[in-house]
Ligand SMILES: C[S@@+](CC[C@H](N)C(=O)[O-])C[C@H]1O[C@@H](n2cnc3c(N)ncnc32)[C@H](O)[C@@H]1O
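Encoded as structure tokens, the following chain is the form predicted alone, with no partner shown.
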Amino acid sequence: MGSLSISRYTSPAGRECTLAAARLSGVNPSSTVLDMGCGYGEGACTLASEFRCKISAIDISDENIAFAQKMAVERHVSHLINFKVMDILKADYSTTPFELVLAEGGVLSFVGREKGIDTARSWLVPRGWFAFSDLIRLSENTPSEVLTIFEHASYRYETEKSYRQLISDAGFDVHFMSLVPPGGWDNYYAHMARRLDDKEGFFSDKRIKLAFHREIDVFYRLEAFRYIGYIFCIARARK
């Protein structure tokens, strides 16, 4: 997949992953796409710019949505994207299903993986596509400091094998699955480091700054990429 460029993506999976999902699923100007947990809107804006498709993008954070809307205007794609502040688990798109649903940036861990996958499945057209990225555990012998920094006690990360099973049980066939390369982590932490200079908003909080400084330190000092991976998957509904 090559080196991932620095952007406003808030996860190690970046622009190339979003584009791969759209290309494999055949997104075109007549397609409709849902971005679950759109963050700062980088994925939605990328798809709108490249494919001119219609996108619904939801996120629980009004700060994220405000940032995303501004970026969409700057990139001249605001007319193609409907941003909305919304809790994924309270949304309902079952009557207006999509050809592609994206769940990038580990959103499935936050909303609950089985629930999130089943929800995405219910919002797809027959034989629709689902793409996601999320943290997974690579080793049973992971240092406790690494597990703690990635909040394993709260989210109990899947392995690749168990994630494949979840996807299959929900009625999907995996068409592509891969770990994000190390450059993706570097780009992610470079973006986070820039945001830690913010004087207002989420990253201005001293506790948030401290938490991310500690995460970056642990990641590189203990080479956490040996134990914790970021997986990117493109799957298709069986019916």
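In this text, residue numbers run from 1 along the sequence as written. Note that the structure is predicted; figures quoted are calculated from it, not measured.
Keep in mind that the form predicted together with the ligand is missing from the display, and what follows is about it.
Screening 102-110, 116-124, 69-77, 142-150 for residues having heavy atoms within 4.5 Å of the ligand in the predicted complex returns a single hit, 102-110. For the residues I88, I167, L138, L135, the 4.5 Å heavy atom test against the ligand in the predicted complex is passed only by I88.
Here is the short version: of C45, V180, V33, C38, the single residue with a heavy atom within 4.5 Å of the ligand in the predicted complex is C38.
Contact annotation for S56: none of its heavy atoms lies within 4.5 Å of the ligand in the predicted complex. Interface residue remark: S61 is counted as part of the site for the ligand in the predicted complex, having a heavy atom within 4.5 Å. When the ligand is considered in the predicted complex, T10 lines it closely, a heavy atom lying within 4.5 Å.
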